[in-house]
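In the block that follows, a single chain appears as C-alpha cells, in the form predicted on its own.
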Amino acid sequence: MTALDRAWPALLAARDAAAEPTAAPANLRGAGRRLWASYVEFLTRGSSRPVVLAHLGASLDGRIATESGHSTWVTGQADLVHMHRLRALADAVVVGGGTAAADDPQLTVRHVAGRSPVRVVLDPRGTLPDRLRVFRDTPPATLWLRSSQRTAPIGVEVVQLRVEHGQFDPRDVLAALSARGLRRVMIEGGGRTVSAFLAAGLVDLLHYCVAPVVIGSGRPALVLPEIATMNEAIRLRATIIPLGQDRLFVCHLGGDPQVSREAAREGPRARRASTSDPR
C-alpha cells in the first residue's frame, strides 16, 4: 500500500466536507504529493458553473484508440487507478455516445474505495441501445441525454436537449447537470467529447496521460478548430507526474483556453514593443 493509498480516506472526507480540504499528509512526498494536489484542486475550485475535469489516456503519437476503436489499454494500471480516483471524487462522469457504444463502460468506482458518480451519456443522435451496461447495471443512476424522449430502464433518467450540427452544446449539458446538483464533472471520453468542451472554454483541468507506446494511426486524442500560427496555440500550465511508465500532465486551463491563446499572442507583441519603442 502506497502513502497515497493510506491518505485516500482524507480526500474522500474532503469531497463531502463543507470546509476546504486540509493540507497534504506529511508522509506524502514527490509524485504522491503532486497527485494529492491535483485531486484537491478538483475539489476546491469554485465557479458559477460546475467545475470540469477532462481525462484522456494517449499514446506518444497522440492516439487514444486504434482505427477500429480498440483502446484497452493505451495507458497502464497506474492511470486506470488514477481514473477511478477521479470518478470517486466527481459528482458526475460524462462520456460521448461513441465511447459508450465502442467500450460499453461501467463508469463505476472499482479500483479504489469510494462511491460511484452519476453516469452521463451523451446520445445526440438517439441511436444507443438500452442494453448497454450504463443503462442496465443500476445503481448508480444514469442520465441519458438525447434529442428526444423515450422510455428507459429503471434508474435511468432521459434528459431531452436540443441538437445543433449533430451534437449538444456543452453549455446545455453543464446546465442540465447543474440543475440536478452535480457540481464536479469529469469528462472521461472520448476525444471528440473532450475536444468539444475544450473548444467551448469549459474545461478547468485537463489530465492528459501519455504512455510510451506508438499506435501509428487511429483516433486522435484532441481535434480542435484549425489555427494559422503557433501564437494561437493553447499554452498550458502543467505539472508532470510519473504514473508507472506513463506520464500524467495535469494542465490548468481555468475554463477558458482563450486566456492562454491571448497570453501567447501578447508575448511576441510585448517583445516587439520593448525593442522598437525608445521609451
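For every residue, the number given is its place in the sequence shown, counted from 1. The shown structure was predicted, so the numbers you read here are calculated from the model rather than taken from an experiment.
From this point on, the text means the form predicted together with a small molecule, which you will not see here.
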Tell me the stretch among 108 to 116, 152 to 160, 170 to 178, 123 to 131 that has any heavy atom within 4.5 angstroms of the small molecule in the model of the complex.
123 to 131
Identify which of A141, A101, A200, L80 has a heavy atom within 4.5 Å of the small molecule in the model of the complex; exactly one of them does.
A101
Consider V74 of the chain shown here, and say whether it contacts the small molecule in the model of the complex, taking contact as heavy atoms within 4.5 Å.
yes
Can G57 be called a contact residue for the small molecule in the model of the complex at 4.5 Å between heavy atoms?
yes
Taking 4.5 angstroms as the cut-off for heavy atoms, does E188 touch the small molecule in the model of the complex?
yes
Exercise: G69 in contact with the small molecule in the model of the complex, heavy atom 4.5 Å
yes
